[in-house]
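Given next, in structure tokens, is a single chain: the form predicted alone.
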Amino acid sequence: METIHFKTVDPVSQELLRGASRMGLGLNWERYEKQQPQDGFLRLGLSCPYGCLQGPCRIDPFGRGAERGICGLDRDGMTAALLLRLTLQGVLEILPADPAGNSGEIRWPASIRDRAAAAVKSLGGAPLSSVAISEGALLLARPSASPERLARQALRLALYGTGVASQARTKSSAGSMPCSAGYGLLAGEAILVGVTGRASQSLIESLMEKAAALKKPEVRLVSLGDWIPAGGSFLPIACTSGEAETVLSSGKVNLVAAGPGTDPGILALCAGMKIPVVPSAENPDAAGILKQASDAFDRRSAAPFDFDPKLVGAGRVNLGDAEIAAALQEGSPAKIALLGGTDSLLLSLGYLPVEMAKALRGEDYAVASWGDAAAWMVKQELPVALLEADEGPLAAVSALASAGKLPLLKGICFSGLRNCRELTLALGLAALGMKVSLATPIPLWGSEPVRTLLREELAAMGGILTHFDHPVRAEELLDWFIRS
């Protein structure tokens, strides 16, 4: 544990990790360490993504082994195809956000319509619709398309997915909602129900209604890393997604309501610690859930970790264009930075978003954040604007464009990528002419021609996608914001 500061910057998290180690609990960090070194072929994009059962094939990055797949596919085609595969998956993850009306042509918000039209024209001019999905899938059926064709289709899909996300947002986003985050939410004697994944809104509201009537002991619903709307506010966030298993190891959470998308590690840890888990997809009864949580609370044996009730920060998440623009006008800043994303075990949790926000504020930037990074901002009570977790940077771009202040935006940094959805949105924002950086590596380093092709295609649309072949340092990203 002498290197525990490499895992998280939070001293409470560090103490929780020490306690989990003493109890012999294996958390996400142990699984991460056992995976090292992770697959270098896949990290470089040199592991074939096609649906071919004659492989799997890999290409030696050093030129001492295989130079082509069994079918003859070279490193450029393999890397470009993997980019397309990831982008296609990202679009499929975005689609549920707008279950109706995805078959027609994308209807962009007026504020970014011209940018979208220019990007589509640069990529061939054909209107963007769900046809892009089938086109991408066909290209991945058998290696026949050129790397250029694959990369351009990836960008078309990224634009399409970004457009779908923008359509879903414009239907309902307005105003702002309060939020709170921090370990202090777990303090004191209370029945604690942790919520994770995409739990249904009806279940959350029913649980809140019934929990409000129970006072001795109090019942609290807390999110384990997800931004979950609940009754005009967000469910209190006990921890970021990277800290969820760490919090469960404390013994304070009495029951977990698990929605779709819950990590298997959370379910396995709950089973090992005998924490009841209720899948929200099974439409459970709220009263029954609270009864299970109460029974688990009564059965607890060892004294759980004692949290400081002062460790809670509060803020407001800006949803509408007017609220976002107003939040980014504090002190009439001439420079705006968007910094957000998901926790990544490649970096010490909390290090990058916290240090970057402090440094950018010191350089007179207005900063806005979303996702796990935003939860760290709330926990640290940093004066930054908070954005919605899924479409936060896209919402900010639209709001700034509407207010005529998009030239003030100096960059969008994803401090971590958890899924293909985030990668697709990052590509889509770059295709809309934004300057985007990714703090964690993406699998493009196996082919310099593909990286060059992507850079040139985005440059033609006025955009930049900066990515690194290593987990980036805060100093590198600060230099990227200020000088590039």
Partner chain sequence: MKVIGIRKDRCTGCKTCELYCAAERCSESKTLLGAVQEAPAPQPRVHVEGGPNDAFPLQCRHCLQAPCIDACLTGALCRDEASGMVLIREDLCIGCWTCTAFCPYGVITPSPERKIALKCDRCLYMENPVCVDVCPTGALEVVDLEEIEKLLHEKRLATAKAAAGVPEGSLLLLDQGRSVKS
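Numbering follows the first chain given and starts at 1. Given the structure is predicted, the values throughout are model-derived calculations rather than measurements.
In what follows, reference is made to the form predicted in complex with the partner chain, a form of this protein that is not presented.
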property	result
Contact at 41, 44 and 60 by the partner chain in the predicted bound form, all three, heavy atom at most 4.5 Å	yes
Region of this chain that lies against the partner chain in the predicted bound form, out of 441-449, 47-55, 22-30, 419-427 [heavy atom, 4.5 Å]	441-449
Contact label in the predicted bound form: residue 469 to the partner chain, heavy atom within 4.5 Å	yes
